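Okay, here we've got a single chain as structure tokens, the form predicted alone, with questions on binding and movement later.
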Amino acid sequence: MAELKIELITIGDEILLGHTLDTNAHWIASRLTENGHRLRWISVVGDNASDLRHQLRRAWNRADIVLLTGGLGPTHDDITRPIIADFFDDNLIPNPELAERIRSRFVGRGLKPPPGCHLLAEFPSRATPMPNEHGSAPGIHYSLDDHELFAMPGVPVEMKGMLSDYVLPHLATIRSGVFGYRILRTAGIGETRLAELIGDRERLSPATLAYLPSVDHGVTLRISCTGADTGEIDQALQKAEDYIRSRVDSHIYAAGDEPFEKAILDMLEERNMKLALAESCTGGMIASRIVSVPGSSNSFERGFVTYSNRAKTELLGVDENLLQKHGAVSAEVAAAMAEGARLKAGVDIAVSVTGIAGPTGGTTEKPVGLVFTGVSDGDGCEVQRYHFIGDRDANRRRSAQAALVMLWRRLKDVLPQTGVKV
């Protein structure tokens, strides 16, 4: 049984001009997925009548469900209502019930209805008003020829209430298929290598697999499937997940939306271990990720941001002769930083990172993007060398992720074969 084909159209010049981020689309997509649906298309159009008509016609021809956000207000640039009515060869007519509801909302808050507010009560004659519990502009719902259109305000709180209270319950009554998915999070392995290890995708059928790489959160594996009911979906997803785990389970750190740093903190707490960090080129980025997790204080003791050589010496006890001989960006200094952080903080394990983030500071021997990470615990110290290619921000984010991956592997007792014992 085919799933519903859903398209979202977001309306607003402010998005196309880069003045506003379209967080509505992200939220709508997430909520639809949670409820067994998914968006097939997302488009953004400006406050232009011709463009909106064109996109509306295109969406209506290819989608079962059309969602719109934006342009439902009393001002001159709010064009959605008249264009929708015209699209359906309908007329805007005064709706006394809506007019009273809108008036009462303002009066109830001790406010005078603003000029142009009467426009909100001019409603398409053959559409159904969608209640707006958080604002004045009602949503518009058309149901015609096995197609549905839901137009919602662009104000996030109003859109969210309307989608949750009206649209999603309605979609549940007309569902033609079920969409389900599972998420597996991986670390320390690239997209290409994962694909090689997983191999033949036919083994996953009827489920499909998507690789979603991120600079600082590893590669996410999304397993998805469409079927007639949730039981059928769950069975297909479990079969696919079991196969994937049989191939790459050692690289999976979590299922679902759990962040990498949460998985690491859980491992530290299970082992009753305390962590310290020594950061140079990342400037506290690793510590920021760690403390973003509630309860991180149970395992995270402290962090040292030692950007200068003087800081490395004074705060971590790195030998000045070591710095002069090998330079701040070296395996030897990364090891000394990790060891110094562990001893100074009196913890079980410590991680260090030192590198050249760029865009300046590189040499032929030590180019921009050269990074060393170190891990020190009671069994010794190990260092890993990396050479990242990216801008300053990407290099710093990759460095933070690399240090966390090294820590994760150490906690799992799965040490990188390329690591150097120091």
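The model shown is predicted, which means the values in this text are computed figures rather than measured ones. For every residue, the number given is its place in the sequence shown, counted from 1.
The protein also exists as the form predicted in complex with another copy of the chain; that form is not presented, and the subsequent description refers to it.
Participant: Would you check, heavy atoms only and a 4.5 Å threshold, whether E332 touches another copy of the chain in the model of the complex?
Facilitator: No, E332 sits far enough from another copy of the chain in the model of the complex that none of its heavy atoms falls within 4.5 Å.
Participant: Wondering, does A172 line up within 4.5 Å of another copy of the chain in the model of the complex on heavy atoms?
Facilitator: No.
Participant: In the model of the complex, does P294 come within 4.5 Å of another copy of the chain, counting heavy atoms only?
Facilitator: Contact with another copy of the chain, yes.
Participant: Is G346 part of the interface with another copy of the chain in the model of the complex - any heavy atom within 4.5 Å?
Facilitator: Taking the distances in the model of the complex, the answer for G346 is yes, it comes within 4.5 Å of another copy of the chain.
Participant: Among I183, A228, I93, L144, which has any heavy atom within 4.5 Å of another copy of the chain in the model of the complex?
Facilitator: In short, I183.
Participant: Considering another copy of the chain in the model of the complex, which of V178, L168, M273, L209 comes within 4.5 Å of it through any heavy atom?
Facilitator: Of the listed residues, the single hit is L209.
Participant: Within 4.5 Å, heavy atoms only, one stretch in 284 to 292, 79 to 87, 230 to 238, 122 to 130 touches another copy of the chain in the model of the complex. Which?
Facilitator: In the other structure, the partner sits against 284 to 292.
Participant: Considering only 22 to 39, what residues come within 4.5 Å of another copy of the chain in the model of the complex, judged by heavy atoms?
Facilitator: Contacts from 22 to 39: D22, T23, H26, A29, S30, T33, R38, L39.
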